[in-house]
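Next up: a single chain in structure tokens, the form predicted alone.
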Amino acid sequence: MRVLAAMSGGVDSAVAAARARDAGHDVTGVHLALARNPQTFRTGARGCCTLEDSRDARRAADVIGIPFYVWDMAEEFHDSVVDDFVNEYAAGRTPNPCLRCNEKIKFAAVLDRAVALGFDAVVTGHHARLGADGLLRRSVDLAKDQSYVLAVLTRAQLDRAIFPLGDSTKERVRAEAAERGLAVADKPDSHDICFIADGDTRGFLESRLGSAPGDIVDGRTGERLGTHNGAYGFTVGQRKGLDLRVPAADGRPRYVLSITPVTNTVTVGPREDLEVDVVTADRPIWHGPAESVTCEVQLRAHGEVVPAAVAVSPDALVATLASPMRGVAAGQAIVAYRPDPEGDIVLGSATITAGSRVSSHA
């Protein structure tokens, strides 16, 4: 099979490309140039859009012995990921740019171009499993599992995806890279948001959305507790950085409960007011066998899972949680899993629109 290996410059994608070649595939490596101006992006291992990463990917391809190219995807990345990130925060939601990158870039724009060029599939270094049965499962390394950010993929996209690392721990991947003589064997994992050079998300958003002063109010009394320079700088569940001028009567900390862009208001309250037991979501991508199912759901990347009853229609997903969860933010993904001895199976995902509390729990 003729496959295209997406090589970020990190250890995972390098070993994935090598394993694909060892499996007998005709492999071509490609590095995605995602930055309009790579020199302004962070160096080292904190991002995935640097000139250093491109050089690391090229050197890995040379060691593996496969052809290598760089594809300029900067405009597509800016339009589909960066602009989406800014627009989502402006609308009071909390996006996941890694998820959007997988959906719009790696398994849409890249896959479409690859197929047009005669490739059969795209290989990536994601830690997830995709077996002969076509089912997407968690990685054996649960600490590194990335099935959550892959749950947005359609059946057609999964049919053209290969994830060679899902049966290995990250420790094993690094050891194998060293055995293969890959210089990236000890390269640290990337962290944070790759297109925010200094890691200052609020500053990044303010540079694009401008200062927009508004009020911070108490969710129970409506009392004005402080001000902010932009509601986009907050996310549901946030505790730090509120700079409240009026302390709580009981001395307990307050958390962001909601963001209302129309009035530019941030509402805060005690931790228990964050609890929700019903989550609604739109744009479902569903691989499950039924419109209603009892399963487990995950509401954030690397977040805990909770049993839930999930009802799915073509346009919406509603999950009734077995126990309340906190910090459920609109814009994040809800991913449904079916527990399985061979690895939890992804049933589908949707984009969270709201969380609510409709019942009491002991």
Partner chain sequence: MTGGRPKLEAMAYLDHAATTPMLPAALDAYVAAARELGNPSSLHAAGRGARRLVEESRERIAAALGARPSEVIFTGGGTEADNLAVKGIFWARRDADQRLRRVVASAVEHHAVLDAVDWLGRHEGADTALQPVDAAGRVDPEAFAELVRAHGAEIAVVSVQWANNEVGTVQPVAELAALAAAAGIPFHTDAVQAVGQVPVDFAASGAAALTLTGHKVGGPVGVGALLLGRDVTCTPLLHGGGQERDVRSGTLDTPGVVAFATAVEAAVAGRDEHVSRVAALRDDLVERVCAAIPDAIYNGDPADRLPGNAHFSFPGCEGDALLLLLDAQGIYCSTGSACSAGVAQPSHVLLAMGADDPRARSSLRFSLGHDSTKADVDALLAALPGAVERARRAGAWKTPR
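Numbering follows the first chain given and starts at 1. Here the structure is a predicted model, which is why all the values come from computation and not from measurement.
Below: the form predicted together with the partner chain, not depicted.
In the predicted bound form, the partner chain stays beyond 4.5 Å of every heavy atom belonging to R172. Contact between D72 and the partner chain in the predicted bound form is found at the 4.5 Å heavy atom cutoff. When contacts are judged by a 4.5 Å heavy atom cut-off, G210 does not count as touching the partner chain in the predicted bound form. Although the partner is absent here, A143 sits far enough away that none of its heavy atoms falls within 4.5 Å of the partner chain in the predicted bound form. Stretch 62 to 70 is the contacting one of 290 to 298, 62 to 70, 333 to 341, 303 to 311, since its residues have non-hydrogen atoms within 4.5 Å of the partner chain in the predicted bound form. This chain is drawn without the partner chain; in the predicted bound form, the residue among D112, D243, D198, D186 with a heavy atom within 4.5 Å of it is D112. Put simply, of R93, R129, K104, H228 only one has a heavy atom within 4.5 Å of the partner chain in the predicted bound form, and it is K104. Using a 4.5 angstroms heavy atom cutoff to the partner chain in the predicted bound form, all of A33, S54 and F119 count as contacting.
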